[in-house]
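One chain follows as structure tokens, the form predicted on its own.
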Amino acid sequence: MLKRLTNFRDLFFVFVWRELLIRYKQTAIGMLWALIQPLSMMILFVVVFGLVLNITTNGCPRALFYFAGLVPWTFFSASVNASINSLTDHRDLITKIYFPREIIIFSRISVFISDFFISIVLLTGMLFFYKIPFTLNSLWAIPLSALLFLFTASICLLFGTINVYYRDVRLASGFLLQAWFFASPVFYSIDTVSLKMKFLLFLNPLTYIIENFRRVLIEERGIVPWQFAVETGFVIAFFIIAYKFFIHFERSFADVI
């Protein structure tokens, strides 16, 4: 993969720049839109889940608890939504010239990585506002973010590939992401569910990432090393499978797209 992308790195950067220009063209506030979605969702969660339903946040400030969960979730859901149609949107280009097709998907994900880091800056400001100190455990957010990017890329490769052959993926993606949202602890703590349900929820890598995102940043605790090792091994293996799946079907994209 690195060899393929290195040989076409200039094209990759052109795609990234193009995606950024298209996304923010003729907007008044530009990249500040990257903050509007998680902030508006955070306010909605505070009102609905905090004030109306009174769902516990284990003593954490509600705004901080919800925003820390929304940062990784927003990146994941936005990347998947944008990547599903990414190959079919470039039908004319794919049928005319050859280049590594994963560049199209990775360039769209890269746009949301920039949004992710903007949200991280705001999250850091909220930590200071609530007087939660920065500790060495907070550095665990870096490898957790890497896991998030790798897992997201895997799902985008799978969905983008399948959508070339079956456009039902685009139609089903809304329902699938809604179900995935409730299966991820974005607005609730994993500590509030039963042991059996915990086991099911942790089959979803986003559960591990979001829970530990809060754990290292808000609760000032470290992660369990063996759990991190298992999760890392699973995500890497899943990415390898997803990438090989993509490469296998890439040969016939131009014929069926």
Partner chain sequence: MSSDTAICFDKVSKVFSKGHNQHGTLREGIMSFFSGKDKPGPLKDNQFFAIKNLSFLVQKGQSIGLYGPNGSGKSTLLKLVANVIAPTRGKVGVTGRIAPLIELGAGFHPDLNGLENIYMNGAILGMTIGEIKSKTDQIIEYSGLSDFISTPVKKYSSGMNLRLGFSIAIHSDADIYLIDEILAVGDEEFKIKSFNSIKDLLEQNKTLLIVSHSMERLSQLTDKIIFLKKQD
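Positions refer to the first chain, counted from 1. This one's a predicted model, so the numbers in the text were calculated from it and none came from an experiment.
Only in words, not in the display: the form predicted in complex with its partner chain, which the text now covers.
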Heavy atoms within 4.5 Å of its partner chain in the predicted bound form: which of the stretches 76-84, 177-185, 143-151, 94-102 has them? 94-102
Is the gap between Phe234 and its partner chain in the predicted bound form 4.5 Å or less for some heavy atom pair? no
Taking heavy atoms only, is Leu5 within 4.5 angstroms of its partner chain in the predicted bound form? no
According to a 4.5 angstroms non-hydrogen atom cut-off, is Met1 in contact with its partner chain in the predicted bound form? no
Please tell me whether any heavy atom belonging to Phe238 falls inside 4.5 Å of a heavy atom of its partner chain, as the geometry stands in the predicted bound form. no
Heavy atom within 4.5 Å of its partner chain in the predicted bound form - qualifying residues of 223-257: Ile241, Lys244, Phe245, His248, Phe249, Arg251, Ala254, Asp255, Val256
